[in-house]
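In the block that follows, a single chain appears as structure tokens, in the form predicted on its own.
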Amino acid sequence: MIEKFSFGTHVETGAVVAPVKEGECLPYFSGKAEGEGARFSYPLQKGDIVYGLGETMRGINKRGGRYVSFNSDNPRHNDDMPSLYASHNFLLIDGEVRFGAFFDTPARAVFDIDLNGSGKIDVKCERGVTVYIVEGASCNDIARQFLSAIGRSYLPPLWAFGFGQSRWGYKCEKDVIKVADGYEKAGMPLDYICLDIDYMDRYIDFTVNKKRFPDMKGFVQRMKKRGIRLVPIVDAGIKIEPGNAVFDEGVEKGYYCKNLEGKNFSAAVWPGLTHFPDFLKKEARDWFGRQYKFYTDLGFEGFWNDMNEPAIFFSEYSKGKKGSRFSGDPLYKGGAALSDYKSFSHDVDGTEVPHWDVHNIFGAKMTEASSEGLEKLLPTRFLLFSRSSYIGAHRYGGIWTGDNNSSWLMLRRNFTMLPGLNLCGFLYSGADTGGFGGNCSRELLLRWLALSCFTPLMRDHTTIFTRRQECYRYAGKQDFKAVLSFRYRILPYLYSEYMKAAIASDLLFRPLAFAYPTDERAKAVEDELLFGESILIAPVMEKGAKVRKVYLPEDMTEVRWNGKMFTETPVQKGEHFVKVPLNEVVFYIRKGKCVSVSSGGRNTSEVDMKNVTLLGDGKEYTQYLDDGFTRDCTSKNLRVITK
């Protein structure tokens, strides 16, 4: 059962799409309006676990931290960092009392969850909020109800489940070809290469630098014939440049956010001074979505949206101000000064609304604009993922978890974010494998790849200021080839479990406690997850570790992939110390279950999804099978495979 409770007023976010009845008295929380906002409190019991909050730091259990929903361009990812690029305000409290709570507000919200041992949840919303309370018989039940209420997850094409390579610094055709050649020569699979801002003409959206890419349309087609798609970046700001047709139309039609004087707001991002499209205005979203025709006419079928918190280097108000967080250097990338977010506004159904009050849905509305435009421009499913997000954006695209760094902590946080992201609807998600900032070691990259083989978005991405992070550049290429090949072996299961979860409004990743609610040891596990209906994953996430401890809540089948073959070994319930060489991927199949695997391929088009082998001690597996492109994605595409 779901009920909603309103406190004050706020701009509708569009997060919840199913009809929900208005409740009379907010249960569980003591809550009240407070000025323009509201505050809530809930007493936690000693054994209560708090799940959710999507893209946030710390562990799977969110107790002990402060989390601030205020989307921030912030590459400093430490466990005490309260804000990242997204706001996912859904909590699931699991204890003697079990329920879910979604605090739906597009403005800033602070979640103190047993902070400093307070023994309670304190939530402060700066503006009006609608609180949705979800009651159910189990954690799974609560999750499914909430996912049904917020709508079906975005469905990518099959090729989007392949391995992608990216780097800020691929400046021209030759750079991209060298990467493709490097993977091909090493015998490593690859499905797409991402193009960062260097492909653009002076970093301007909807342009191509013709000196660096003289025949982009032909280049896209030539790469596609090699089995590799190109995926360009699109940023949120439109360069102020009279004479540019896109810019001029935005000015003429009034599609940009307004400043304090009622003129178009100006802020510096990569191309220099820009205007921000008013993504809260339907006409502006439609206009922005139409601009993707520039890319689809060139043959692109995948895109990644960036800088949409929105990131601001400085604005017409903050540049040069004493005490500003910025040096005034337009190349400084550190996120907006808070004052900038109070310096412009949106047109919401004819009413002027300060950006501060709707800040957290700006990036989500950009994703919505892009997706709806691409739905009209392309006949098939497309790849789309974004940096900034809010619950509801999961219906339009996936996300990556932002500009992380090459550290073992970030590998662990990639892992611990997964169930929280799924609880908030984001099935298609993943991190910058290997880390965006910093120099990734061979050991760290191999361990990270072994985890990323299970995440729907699997992309190696790094910045221009780091060592080259392509897998073929490291010593011991055979080890990387072995791990990457596993992704294409497990593809039938990964694709099936993703599509089944999306269609049924279910989770892809679950904490162990969701399947073993009476197992106290399972509840405490933070370094293992259930993946789909059959698999338990327990990746190595500690530097120098050759052995890791694994807790199995039931008898399972241990499966090892060494780059050439799978080996299966029955393992009894309980604690085990497991050797995991760097060139192997180890996972576990639950009792009575099966996993479908393929014979692999150099890219997804070479993977035979029909002829699969079943691993595990089960007798059958229900596979989702379609052409990988159709939008007609329903349960009619399910088929039962037996041993």
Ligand code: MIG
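Just count from 1 along the sequence shown to find any residue number. As the structure is a computational prediction, the values presented were derived from the model and not from experiment.
The protein also exists as the form predicted together with the ligand; that form is not presented, and the subsequent description refers to it.
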Only one of 299 to 307, 443 to 451, 243 to 251, 131 to 139 has residues with a heavy atom within 4.5 Å of the ligand in the predicted bound form, and that stretch is 299 to 307
Discussion item. Is it true that 161, 382 and 498, all three, sit within 4.5 Å of the ligand in the predicted bound form, judged by heavy atoms?
Written reply: no
Considering non-hydrogen atoms and a 4.5 Å limit, does the ligand approach residue 487 in the predicted bound form? no
Does any part of residue 552 reach within 4.5 Å of the ligand in the predicted bound form? Heavy atoms only, please. no
**Message:** So in the predicted bound form, is the ligand close enough to residue 287 to count as touching (4.5 Å, heavy atoms)?
**Reply:** no
task: Please check if residue 197 has a heavy atom lying within 4.5 Å of any heavy atom of the ligand in the predicted bound form.
output: yes
Among 127, 413, 461, 359, just one has a heavy atom within 4.5 Å of the ligand in the predicted bound form, namely 461
With the partner omitted here, the residue among 426, 436, 390, 276 that in the predicted bound form has a heavy atom within 4.5 Å of the ligand is 436
Those residues of 392 to 406 with a non-hydrogen atom no more than 4.5 Å from the ligand in the predicted bound form are 400, 403
